[in-house]
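We begin with a single chain expressed as structure tokens, specifically the form predicted alone.
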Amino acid sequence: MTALYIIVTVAVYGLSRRAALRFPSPFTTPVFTSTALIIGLLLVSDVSYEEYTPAKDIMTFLLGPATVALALPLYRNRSVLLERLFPAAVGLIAGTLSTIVSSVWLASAFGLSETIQAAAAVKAVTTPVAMEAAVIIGGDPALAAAFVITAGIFGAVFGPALLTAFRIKDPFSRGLGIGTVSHGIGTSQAALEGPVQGAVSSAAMGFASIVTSLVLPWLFPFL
């Protein structure tokens, strides 16, 4: 059954992507629509999360190679990245730190436990990094993965629209903003806008993961 669940998941994503290309809208973002459809199919088929977990684990494992594959558009657009490296680095560091701080403070303001605060702190980085970082600061890796996916979906759905609303049209800036806070899910949406957006978003996602891994262990206790 594991193989069947993987095939169904891939097929649903493929259909969602075709729908997004034909009917472009924030609410036809492939990750958003495919996630909703898969949840619906599992409920209708009476398939429990435990039954689906082996398939999910295999696909989660493949996130690692998929993340490495993002190096290709990054290499092709390296000249654009090098030209604006310093301002991009400053913006990325500021964005990463503000995401961590705001997440922890907001969770604390609502009286949520320290475990939830730790999981929320890593929501802006890619899933494999987030799960490991959450363990280091005392968070639940499964909960961290849920926060990451939720943040990525919201970023992919609403990120481009918000950037457009604030009149941010520069491809470099759009890719940087989406990749910094929405990791791989947002990057997949940024890549649909254009090669520069996709390359910059993938670079931002990688550097945000590095910055988070370096600063989170000593920053989180102070928050």
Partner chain sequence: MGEVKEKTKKAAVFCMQLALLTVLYEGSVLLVSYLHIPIPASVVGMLILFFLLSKGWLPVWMIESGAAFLNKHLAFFFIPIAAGLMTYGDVIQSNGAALIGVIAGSSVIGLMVTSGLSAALAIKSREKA
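Take the two forms, superpose them, and find the largest set of C-alpha atoms that agree within 1.5 Å; that set is the rigid core. Please read these numbers as outputs of a predicted model, since none were measured by experiment. Positions refer to the first chain, counted from 1.
Below, we turn to the form predicted together with the partner chain, even though it does not appear here.
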Worksheet item: Does any heavy atom of Thr180 come within 4.5 Å of a heavy atom of the partner chain in the predicted complex?
Response: yes
Worksheet item: Do Met59 and the partner chain share at least one heavy atom pair within 4.5 Å in the predicted complex?
Response: yes
Item to complete: Answer yes if any heavy atom of Thr28 is within 4.5 Å of a heavy atom of the partner chain in the predicted complex; otherwise answer no.
Response: no
Item to complete: Give a yes or no for Gly138: in the predicted complex, does one of its heavy atoms lie within 4.5 Å of a heavy atom belonging to the partner chain?
Response: no
Worksheet item: Should the three residues Ile116, Leu143 and Phe172 be counted as contacting the partner chain in the predicted complex, with contact defined as a heavy atom within 4.5 Å for each?
Response: yes
Worksheet item: Going through 120-146 from first to last, which residues have a non-hydrogen atom within 4.5 Å of the partner chain in the predicted complex?
Response: Ala120, Lys123, Thr126, Pro128, Val129, Ala142, Leu143, Ala146
Worksheet item: Would you say Val12 moves its Cα by 2 Å or more between this form and the one not shown, aligning on the core?
Response: yes
Worksheet item: Once everything's superposed on the core, is Leu21 shifted 2 Å or more at the Cα between this form and the one not shown?
Response: yes
